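Quick heads-up: it's one chain on its own, the form predicted on its own, in structure tokens.
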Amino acid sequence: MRLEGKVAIVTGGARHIGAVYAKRLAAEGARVVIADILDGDGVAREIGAGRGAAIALRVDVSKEEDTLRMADETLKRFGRIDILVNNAAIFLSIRRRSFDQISAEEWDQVSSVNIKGPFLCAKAVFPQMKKQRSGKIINISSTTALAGTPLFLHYVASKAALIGMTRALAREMGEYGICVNAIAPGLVQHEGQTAPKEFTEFQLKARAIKRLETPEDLAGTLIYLASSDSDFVTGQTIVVDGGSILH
């Protein structure tokens, strides 16, 4: 129970990796807010059945009014904000294609969620974290930003932007006791999403640990960054990919 008494917001927490993050935070004692454009009630009920505390909010992270409401509702329900996990992102719906085939509209859509979303969420929770003089913001980046993975430039660029944002926010927020770090996962396999076989085989060959990555592989690093164990760690990007990108 390393997060007993803490309150965590997980964007994109209604399914897949985000749901794993939310449940693991709750298992460590945090009260959890599942902020997602999708219905997160099922994950909240699952946490409640395990004697945890969670609520689900419908939030579009690309809209400032939604992120401000997210912070307000969290404070009304739980009274504080200790942890923000910027996990919401457009990824599963992206079709891999050459950069010159990506429309300006699609570029803007990905950027609005993957870049503007974390900015707006950090901005929304900052007043309360500043007041508390403590907080943990964890941005979910990707090893695609470090590898320069081709054929989805808008996604790669957005995840590279998160690394830069992590470093700059760490410098701005440090004086208030707020730590800002990022996790860069490799290709993660989870229920409902399967990568092309050739891409999976390439990933396995590149990894030092020769198996598929699961959402649970990321949970330990998330809890470390959310807990007091990392109180003197900020501005860092931690790669969790089985030893493919040695960063």
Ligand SMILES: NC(=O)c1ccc[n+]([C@@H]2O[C@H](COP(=O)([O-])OP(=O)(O)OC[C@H]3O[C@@H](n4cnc5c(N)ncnc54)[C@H](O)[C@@H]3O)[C@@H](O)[C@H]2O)c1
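Since the model is a prediction, treat every value here as computed from it, not as a measurement. Sequential numbering from 1, following the sequence displayed.
The form predicted in complex with the named molecule is left out here; the points below concern that form.
Original post:
57-65, 174-182, 43-51, 24-32: which one contacts the named molecule in the predicted bound form at 4.5 Å, heavy atom to heavy atom?
Top reply: Of the options, only 57-65 has residues within 4.5 Å of the partner.
Subject >> Site check Ala88, Phe91 and Val113: each within 4.5 Å of the named molecule in the predicted bound form by heavy atom >> reply: Yes, the whole trio is in contact, each within 4.5 Å by some heavy atom.
Original post:
Any of the heavy atoms of Ile17 lying within 4.5 Å of the named molecule in the predicted bound form?
Top reply: Within the cut-off, so yes.
Original post:
Does the 4.5 Å heavy atom contact test between Ala219 and the named molecule in the predicted bound form come out positive?
Top reply: No - in the predicted bound form, heavy atoms of Ala219 and the named molecule never come within 4.5 Å of each other.
**OP:** State yes or no: in the predicted bound form, is some non-hydrogen atom of Ile140 no more than 4.5 angstroms from a non-hydrogen atom of the named molecule?
**Re:** Yes - in the predicted bound form, heavy atoms of Ile140 and the named molecule come within 4.5 Å of each other.
**OP:** Evaluate Leu212 for contact with the named molecule in the predicted bound form, applying a 4.5 angstroms cut-off between non-hydrogen atoms, and reply yes or no.
**Re:** Contact with the named molecule, no.
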